[in-house]
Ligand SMILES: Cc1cc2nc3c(=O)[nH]c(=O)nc-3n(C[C@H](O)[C@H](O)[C@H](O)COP(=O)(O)OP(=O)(O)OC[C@H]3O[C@@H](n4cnc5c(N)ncnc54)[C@H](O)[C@@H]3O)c2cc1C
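Below you'll find only one chain, the form predicted alone, shown as structure tokens.
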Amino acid sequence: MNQRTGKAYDAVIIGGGAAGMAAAVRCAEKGLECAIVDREETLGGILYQCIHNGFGIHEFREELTGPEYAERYVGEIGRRAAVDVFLNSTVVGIDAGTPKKRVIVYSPFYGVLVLTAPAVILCMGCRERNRGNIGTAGTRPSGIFTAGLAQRLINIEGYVPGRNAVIMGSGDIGLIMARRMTWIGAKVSGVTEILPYPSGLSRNISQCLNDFNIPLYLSHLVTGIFGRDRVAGVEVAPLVDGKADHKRAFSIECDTILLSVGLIPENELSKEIGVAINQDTHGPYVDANYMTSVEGVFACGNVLHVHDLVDFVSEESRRCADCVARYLTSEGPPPSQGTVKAGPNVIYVVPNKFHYQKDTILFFRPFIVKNNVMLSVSLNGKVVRTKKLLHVQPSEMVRTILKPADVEKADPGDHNVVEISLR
């Protein structure tokens, strides 16, 4: 196919889910012309298959379903002439080595299209871990789905994936699917979780498992899958000191297994253009302006780190778009930034840099489940602020704001390190 040079934009946004839509709306509000490129037929990403409520409580101060949440942004984008949308289109490469970056898009309508912009915003979201990622032993029968795929089959395609399910992993999608499977008349014989605590939100444990008397096996591992043509059952063993106790293993009959064993940010494209990846989040390293290690390439939403609520995805994406607008209009070198790192009992902190002269909003994931925890902010090893938190757990992100007063004693430069820890 011949390449066709498309319109030049201020920013090209890759991905049209919650992050991409929020970034596009804010770019338009800032007077920027932008394009969204998404491989699906519609904007909204996974939101359209999430027909349960619980979305929008922070963003719109009301409880919405996933489609309702998506429609709010789709409507906003439709009213913005400064936003072009390319659907059914896939970004296959980015030439990020020049100030005017070239985004190569394969489109069934335009063929090979080249979009140019000084800024690119990565909003590709994340994907589910599958059986190959966790290496469960056993046969290879049909009836094994990721929880998100099962959700799409039921809510979008109108298929019932099975009649008796076991769910591996207690991530939020799996918990929601436990309830959804029950509502369509299927049996859920149990949810297994290798950790000693649930991986999903507390509200989903209560509303999706406890309300339907679905057993949750904490510190248990599925050690085998049985069945020839179709899943017939699983073997489950308790974990003792991290090892399966096979003497106490038991079997559960089922014809379906749903995997809810974690999400992986979609960063294959990021890696191809040389973006440095944070091994704690599996997303890009970003500075306090959400810029990656490649100048002019920004990242936000679940491609940066997996969020617990879509509302926070939208909020973060607006902040990212604000930073893109400042980047495109600023003159001279950017002010220096300090480094942020995770301390004891913290899995990661995002972003990875902080501002000296203005607030920096930080999100982090706890490594522990505990009540009455002390959040500690240290600058170069010296505690500058503490705050008591009533409860923390890994499934729920924690937000804190680093203020100029917290770092006023630091000498400006990139050698200063702020550490976030829980004690």
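Remember, predicted model here, so these are calculated numbers, not experimental data. Residue numbers here begin at 1 and follow the sequence given.
Form predicted together with the named molecule: not shown, discussed below.
If you check the named molecule in the predicted bound form, you find no heavy atom from any of 138, 221 and 252 within 4.5 Å.
Of the candidate stretches 156-164, 323-331, 233-241, 83-91, only 83-91 contains residues with a heavy atom within 4.5 Å of the named molecule in the predicted bound form. Although the partner is absent here, residue 124 lies within 4.5 Å of the named molecule in the predicted bound form, judged by heavy atoms. In the predicted bound form, the named molecule lies within 4.5 Å of some heavy atom of residue 173. Contact annotation: residue 248 falls outside 4.5 Å of the named molecule in the predicted bound form, judged by heavy atom distances. In the predicted bound form, at least one heavy atom of residue 307 sits within 4.5 Å of a heavy atom of the named molecule. The listed set 359, 396, 40, 29 contains one residue whose heavy atoms approach the named molecule in the predicted bound form to within 4.5 Å, identified as 40. The partner is not shown here, but in the predicted bound form the stretch 33-59 reaches within 4.5 angstroms of the named molecule through a heavy atom at 37, 38, 39, 40, 44, 45, 46, 47, 50, 52, 53, 54, 55.
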